[in-house]
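Here's a solo chain for you in structure tokens, the form predicted alone.
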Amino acid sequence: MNHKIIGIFGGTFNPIHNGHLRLAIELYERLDLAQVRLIPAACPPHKEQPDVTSQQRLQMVQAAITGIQGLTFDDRELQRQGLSYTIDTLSSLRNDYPANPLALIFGMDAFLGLPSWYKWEFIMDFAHIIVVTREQSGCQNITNTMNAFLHKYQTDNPQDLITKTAGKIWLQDIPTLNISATQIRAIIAAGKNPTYLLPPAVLDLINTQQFYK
């Protein structure tokens, strides 16, 4: 019996915004995923420590996805000490969901930066990778390392993602919303209005608790 794919969408979510959410919903519906698990990073190895706490970022994620079918939050990285390494998260998820295919969701930029990640070459043992590409953008500026990686693992058959629990790369064209958390923080810090860039429930939290001021 085939089990549905669980999408894994990690990030600092500082703050979570409509770009993240629209992407998650598109993938959930287009690929018929069991769910998309949004996993806030506690101590991201590749970014500066966010200026709001991990619990506050989790609060914003929870507020953003309340009542949204197919999206759920996962706080396992917040429960761990030390840096939030994706390989540890995937290992933990594999223990919890031994029969489900897992699929790690990346934008193209993050995917091309994978060789700088801790134990990145072992990711394929635990999960598939879904790379979200903007229409017509393809794989520009790809290194030889990542070109070989893509060539080795890429599939054009969606059944491969269901019949195998890990080990394939799927490229998915999705029209993405050009919104960034950096842009939102700058708007708020300048005392301007970020309405329609993020969910009203998240903006309410930001205003009530004075995040990013």
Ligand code: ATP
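Just so it is clear, the structure is predicted and the values come from calculations on it, not from any experiment. Numbering starts at 1 and follows the sequence shown.
One more form of this protein should be noted, the form predicted together with adenosine-5'-triphosphate, which is absent from this view; the next part is about it.
A residue is said to contact a partner when one of its heavy atoms sits within 4.5 Å of a partner heavy atom; residue 181 meets this definition for adenosine-5'-triphosphate in the model of the complex.
Contact check for residue 96: no non-hydrogen atom falls within 4.5 Å of adenosine-5'-triphosphate in the model of the complex. Not displayed here, adenosine-5'-triphosphate is approached by residue 10 to within 4.5 Å at the level of heavy atoms in the model of the complex.
Although the partner is absent from this view, residue 177 contacts adenosine-5'-triphosphate in the model of the complex, with a non-hydrogen atom inside 4.5 angstroms. Contact annotation: adenosine-5'-triphosphate lies within 4.5 Å of heavy atoms from the stretch 182-190 in the model of the complex, the single such stretch among 145-153, 25-33, 182-190, 162-170. Contact with adenosine-5'-triphosphate in the model of the complex, defined as a heavy atom within 4.5 Å, holds for exactly one of 110, 124, 87, 83, namely 110.
Of all the residues from 18-42, those having a non-hydrogen atom no more than 4.5 Å from adenosine-5'-triphosphate in the model of the complex are 19, 20, 23.
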